[in-house]
Ligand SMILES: Cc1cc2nc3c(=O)[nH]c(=O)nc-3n(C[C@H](O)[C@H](O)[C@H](O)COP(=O)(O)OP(=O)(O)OC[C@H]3O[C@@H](n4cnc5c(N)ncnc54)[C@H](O)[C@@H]3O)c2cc1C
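As structure tokens, one chain now follows by itself in the form predicted alone.
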């Protein structure tokens, strides 16, 4: 279908559209929260305090639930997220339910996470406002086992080999449920010392379930200097295997940890030398995928205005309709509404990652989000500046 939309009409500075979903009270509340998050010392103190408070059984759950949890999470259960799903849907923004419980290692907990992910798939099938499901491989596999498997499944012996078979069964249970429901599922990326195993897991599931549609999506982190080539190799594997490649493209989330581990253990860092190199490869990956859109369906997970604008422009150049389901944009709940809402208003496919889970269990996720906002250059200032602009506009 020829795209008649003029993408340069999108303005990520349009705060009227960006904050259309927020009341005056909501806007003021977000302003106060980002002011707090903008103070690194306060974020670090808050992280320490919540650990102590939970250990001492202090009544902090209510405070957390009314503040940072409210900003970045949908609720404690799938049902709790219903209002958020419906609210986002009213602005043509989809929801990706992300069960954000981390750090579990027992078979019972890993099976429970698998079952929860399948529940999100079932919920998605029944609700057009939920276009994707998602899970972290460390949610269904012990980290020590995943790290061993990273060196090659042939290296696994004895109980490790048996445990790996259980993991692959969990993986297949999720992917089979997604295939039967017709609900695409993202396999999230993780640390590089897990990622080779995860890539093989994703490749196996795509070869099995992506023959007719992109159901399984692997996640590619472009802050790694080898990922552009990996994308091209993955594409060739999909052509040879007769399946569609599903990709969630992101810049990446573990840069500092990756560099520290590489330095400590004396191996070359897998991370790009500069942010500019990451941006260059990210944009090159987008161009490559659009040029091969018949075989690669993708979701651009980015909070970067330039990348989002560039993708919209390229879709126009390639005559790809904004509503073409082969291309999605995604951002995290509570962040970059100026990108999400303006793109959705212009007719593009947009979804928000909506984390959920018991307050205590999702605290590691929440503290990462808070620290991410303080460490990413200009993130808090950008959010605050847009909120202030909208507050001024509403006073006129």
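Numbering follows the first chain given and starts at 1. Small disclaimer: the values here were computed from a predicted structure and weren't measured.
A second form of this protein, the form predicted in complex with the ligand, is not displayed here; the remarks below concern that form.
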| property | result |
| --- | --- |
| Option touching the ligand, based on a heavy atom within 4.5 Å in the predicted complex, out of 160, 91, 288, 254 | 254 |
| Contact assignment for the ligand in the predicted complex, among 349, 331, 342, 30, heavy atom within 4.5 Å | 331 |
| 248, 272 and 278 all contacting the ligand in the predicted complex, non-hydrogen atom within 4.5 Å | yes |
| Partner proximity in the predicted complex: residue 298 to the ligand, non-hydrogen atom cutoff 4.5 Å | no |
| Any non-hydrogen atom of residue 167 within 4.5 angstroms of the ligand in the predicted complex | no |
| 4.5 Å heavy atom contact, residue 113 to the ligand in the predicted complex | no |
| Interface membership of residue 353, the ligand in the predicted complex, 4.5 Å heavy atom rule | yes |
| Residue stretch of 150-158, 67-75, 177-185, 220-228 approaching the ligand in the predicted complex, non-hydrogen atom distance within 4.5 Å | 220-228 |
| Stretch 282-313: residues contacting the ligand in the predicted complex, 4.5 Å heavy atom cut-off | 301, 302, 303, 304 |
